[in-house]
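There is one chain below, alone, in structure tokens, taken in the form predicted on its own.
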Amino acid sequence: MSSFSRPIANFLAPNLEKDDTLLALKVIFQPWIWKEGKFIYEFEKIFNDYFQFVDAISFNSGRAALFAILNSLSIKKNDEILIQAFTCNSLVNPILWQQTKPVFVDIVGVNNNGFLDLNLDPIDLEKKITKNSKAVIVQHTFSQPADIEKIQEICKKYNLFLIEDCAHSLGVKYKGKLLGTFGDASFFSFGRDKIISSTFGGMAGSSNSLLASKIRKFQKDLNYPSYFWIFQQLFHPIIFSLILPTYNSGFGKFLLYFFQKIKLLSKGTSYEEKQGRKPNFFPKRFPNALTILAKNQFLKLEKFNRRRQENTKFYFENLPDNFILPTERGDIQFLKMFPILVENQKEILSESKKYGIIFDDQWYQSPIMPPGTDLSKMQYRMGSCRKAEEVASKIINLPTNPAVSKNDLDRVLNFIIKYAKPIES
């Protein structure tokens, strides 16, 4: 492992390429185009054309897009929104900010066929529906399609809104149909480690004319984020062009820590959000500067996802038979990360760093990530979703992102074969 090689990781700007850095460098010196501009409408149009929604409405984050959707559904205080455990506080918080109640549903876990399924369990979903239930948010975890047809049936049976969380699944199809087009509305994230990235950003989409118009109205009533917040996001791809090649030497880690400490770099999740509070920079409109970055990444979507597909296939073909593998549901194209379950999670997370492999992507330890999230503030009760809690204590996610080379894949595979202790099915 070279001290001046890019670390193998699921996070740390996994989609960043030279043209993204140069584009951010160009835009950062044009503050007069940072807020309002034509690229917002251009990006919304190409996104909407891709999905064939009635409308696609942009926001400065996926959680802001979800907040707008919930607001537009006229959901009242103390109504219940059903979501899966083994999720991010970015999904829970918009529910709390609406003063509605998150109801946590367990995941499938290891299914009857011996495959790993990290998505919402339809059986547990139906058990937890009450007279106060108003909507279900279905998360396609790590690009693996949830059992969307069964969940659709349940929502129809109980007259519930269905919202798709496509933060991990932009461009994924299920039975020939794009994820995000099954529900009443869907939302997408363009966060720093998502399928495409503009550091922060999000989109809401709907094929329901009335709902789409309400979401658009909500967006128009918002302000743009501050110039400083926009600068932080533009600075991210620029400084990461220096952080990544020096990360293994330690200098890149120092740069990351230093620029976050002096607040020139934002963090993916704020302290307020770990406490269930709403920071003042959400929800906001998606600024023109970041749509320029998002559009550039969106034009590379097919290339990125083809690479993820190749990397996913590598693990399916080369991991030993004693590992429990993710379910291949329908015509799944790729996995954003390739999950396996091990008995020695802490050892793997620690030992791998010596080899320039960073599995510490924060999807571990807790049923609501990242670690440090106050579960009581999320209204999560330990023991309520035992499969999600068990998975969180044993999961290791292998990288499939576009930055991972064939040599990287071999290194990851060799490390896992040598050190990992697979769980018994």
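In case it trips you up, residue 1 is the first one in the sequence shown, and so on. Note that the structure is a prediction, hence the values are computed from the model and not measured.
Keep in mind that the form predicted in complex with a small molecule is missing from the display, and what follows is about it.
Taking the small molecule as it sits in the predicted complex, is residue 167 near enough to touch it, meaning that at least one heavy atom pair lies within 4.5 angstroms? Residue-level check for residue 167: yes, a contact with the small molecule.
Under a 4.5 Å heavy atom criterion, is residue 163 part of the interface with the small molecule in the predicted complex?
No, residue 163 is distant from the partner.
Next on the checklist: Even though the partner isn't displayed, in the predicted complex is residue 186 close enough to the small molecule, meaning a heavy atom within 4.5 Å?
Outcome noted: So residue 186 does not count as contacting the small molecule.
**Prompt:** Looking in the predicted complex, any heavy atom of residue 236 within 4.5 Å of the small molecule?
**Reply:** Contact check for residue 236: no, nothing within 4.5 Å of the small molecule in the predicted complex.
Just one of 146 to 154, 83 to 91, 175 to 183, 349 to 357 has residues with a heavy atom within 4.5 Å of the small molecule in the predicted complex, so point it out. It is 83 to 91 that comes within 4.5 Å of the partner.
Quiz item: Exactly one of 34, 363, 67, 43 has a non-hydrogen atom within 4.5 Å of the small molecule in the predicted complex; which residue is it?
Solution: By the 4.5 Å criterion, the partner-contacting residue is 363.
Heavy atom within 4.5 Å of the small molecule in the predicted complex - residue from 206, 139, 312, 288: By the 4.5 Å heavy-atom cutoff, the listed residue in contact is 139.
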